[in-house]
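Just the one chain here, laid out as structure tokens, in the form predicted on its own.
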């Protein structure tokens, strides 16, 4: 199988090579400081005995798994620490597709592109299911798409790229649909710390043996380079996921897990609240500018991405490059995220220059 270079890297490379100043709104790399306790734990780790520089347990160090178990209200033995939430998703998706229950994965459209990519990597068939206009779950559409070939349903809430926060009752209905066709539901909750409405409720509250929940610390602690994620699996699927994780990675990074463990225990809720407040200010400023530019846009209830559509300027790769060259703003083409918003652009608000980017967009489209 041949794999196409992800469009994220194509756009970032084009922006880097541009002959002008470009504001990067492509990738979701938080621009704020990680927790102080994380830096302190890293410094302390350097002084630990040499035994602490060897392999950790394959499923992850016990202290961090226990801290996650307390926060998420689950048994510690259900948790596998992974190399980022991406690997957690891979393990959960693999478990669903390898059971002999079908080879179809239902993915909500717009879709984070790594979900269909992983589905195909695992030999499955991705099927895009339309969502509501605001990005919310369309339960009737999921019901209509589900069949005996469906082995997996993937949900992401808060959602990338729409910013939608799925109502827990709708997630419950989707889990019921999955049960009727013998599918598993993977719920990626990596943006759970960035719920701007107070309405987010984890799928773990459903206490279902059909639900796999994944998450991580890349976004919430502003440490995308640490690659510490986790999967919480039903008891029947834990051992298979552990085995695949061991065969693919052996184990994760012990220093990174150690630092995250200490930071998770020591970091006060104010740290996460400040990040949400920072993002709320950026969302306000950016969407006000989009309004002034005459754009249609989504205002995220969670996460830090905004989708925008400019009249007469479809969100193609060609126009993304034009926006880099002529306005100095780099976003993502809408067709990266499926078919539902293929004439839109996606912007990540994890840059201190988001207001400047908004002003550039207003100036650019006012002159068109």
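Numbering follows the first chain given and starts at 1. Keep in mind the model is a prediction, meaning the values are calculated, not measured.
Keep in mind that the form predicted in complex with another copy of the chain is missing from the display, and what follows is about it.
Contact annotation for residue 48: at least one heavy atom lies within 4.5 Å of another copy of the chain in the predicted bound form. For the chain shown alone, residue 70 is not a contact residue for another copy of the chain in the predicted bound form, no non-hydrogen atom being within 4.5 angstroms. Residue contact check for residue 227: one or more of its heavy atoms lie within 4.5 Å of another copy of the chain in the predicted bound form. In the predicted bound form, residue 176 stays away from another copy of the chain, with no heavy atom inside 4.5 Å. Of the candidate stretches 167-175, 111-119, 180-188, 206-214, only 111-119 contains residues with a heavy atom within 4.5 Å of another copy of the chain in the predicted bound form. Using a 4.5 Å cut-off to another copy of the chain in the predicted bound form, each of 30, 33 and 53 places a heavy atom inside that distance. For the candidate set 246, 273, 236, 144, a heavy atom within 4.5 Å of another copy of the chain in the predicted bound form is found for exactly one residue, namely 246. Checking 196, 262, 219, 282 for any heavy atom within 4.5 Å of another copy of the chain in the predicted bound form turns up a single hit: 219.
Contacts with another copy of the chain in the predicted bound form, taken as any heavy atom within 4.5 Å, map within 241-266 to 243, 244, 246, 247, 248, 249, 250, 251, 252, 253, 254, 255, 256.
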